[in-house]
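A single chain, nothing else alongside it, follows as structure tokens in the form predicted on its own.
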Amino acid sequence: MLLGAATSAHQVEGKVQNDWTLWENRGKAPPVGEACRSWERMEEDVELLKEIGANFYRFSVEWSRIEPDEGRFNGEAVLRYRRFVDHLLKAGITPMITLHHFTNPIWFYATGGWLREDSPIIFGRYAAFVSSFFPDVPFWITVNEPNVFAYQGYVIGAWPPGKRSITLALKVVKNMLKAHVRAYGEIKRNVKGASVGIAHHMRVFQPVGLLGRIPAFLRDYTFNFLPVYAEVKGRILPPAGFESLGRTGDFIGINYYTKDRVRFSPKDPFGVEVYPEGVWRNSLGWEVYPRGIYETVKRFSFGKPVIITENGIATESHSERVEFVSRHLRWLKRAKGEGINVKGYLYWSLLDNYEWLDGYSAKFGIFTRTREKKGDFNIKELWERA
């Protein structure tokens, strides 16, 4: 069983210049600053992984470092990541590289970003360059949470580019799925035997009342089902359109955190959320529902291997974090015992890092930003006891 933790470049590296830093400069988000300084301290992060008994680590490469100008690639940046992978492999830790974790180069953003018709081709070129340096990395995520990216940036406008259009959001998701197909092909050409997938953000949508089934279904269909179906079955379905892509999912990557209770509303086909008192919530107010990880992998495995690419809790209490992981692993082990091919589990996150609009207030990390351990945490032992 592959067990470890996950991070993303913008959230831990610091000193980056991308579309999100433009957003920060406009006062739309807290400043990232030095983050956890992982750009300089990557090797120290390997030691932290060894300390928690990890044999698996998911991290992202920062596109804006690697391609600072359109078509011009920075060899020094990719070689820095290459040295980091060498350290991981030497420590017996299997790397998983994510090519896109929300942030974009400024030149890409300024020329239309994921609304560009040629965005899949541009992303495929980037994937080809990066993967050529890592023929020994067995696991790849092309894009992280395309549904969240499109929703935040193009439906509610909370993330760059701050647009509010469901039509544009659907176009962005479609282009990101096409980009995944391009990247999938390039990685497969460069990395013999690579397993490539998308990290899908999935939630459990629980209906409140009989009519609540309507918005719960609509949310589940558009947010959960459409992206993973497009990857696995190779077909984009309405309302995103109807188009064949080609089957490109070697495994199902699942980011699971919470469930939403949804009540019918005549004003919104997607309903409204209900927040009952007396339920376990993290510090961001997300409901903790460990059984949901079992329900999700059972519903969305599609007969393929499953990797939990993110699962974590924002909390000031380390004992609560251990309890959270233990309960989720227990349900995951049950799914595995029932025949689901669960290959790996990655806790989010290794470090207290930059959590987008929440800045540094959400404490997901096993370690602090300065790499102080919060308490006993051994992922291998937690799995064995689950």
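Treat the numbers as computed from the prediction; the structure is a model and nothing was measured. Sequential numbering from 1, following the sequence displayed.
Another form exists, predicted in complex with a small molecule; not displayed. Remarks below refer to it.
Every residue of D19, S64 and F149 near the small molecule in the model of the complex, heavy atom within 4.5 Å: Zero of three within 4.5 Å in the model of the complex.
Listed range touching the small molecule, judged in the model of the complex by heavy atoms within 4.5 Å, from 318-326, 65-73, 350-358, 35-43: Looking at the other structure, the answer is 350-358.
Interface residue in the model of the complex among Q206, N175, N255, N224, criterion: non-hydrogen atom within 4.5 angstroms of the small molecule: If I apply the 4.5 Å criterion carefully, the residue I get is N255.
Position in contact with the small molecule when the complex is considered in the model of the complex, options Y126, F108, F102, W140, heavy atoms within 4.5 Å: Contact check passes for F102.
In the model of the complex, N144 touching the small molecule (heavy atom, 4.5 Å): Judged by the heavy-atom cut-off of 4.5 Å, N144 is in contact with the small molecule in the model of the complex.
Any non-hydrogen atom of W286 within 4.5 angstroms of the small molecule in the model of the complex: Answer yes; at least one heavy atom of W286 falls within 4.5 Å of the small molecule in the model of the complex.
Contact test in the model of the complex: D260 vs the small molecule, heavy atoms, 4.5 Å: Heavy-atom contact with the small molecule at 4.5 Å: absent for D260.
Contact flag, E186 vs the small molecule in the model of the complex, heavy atom cut 4.5 Å: Outside the cut-off, so no.
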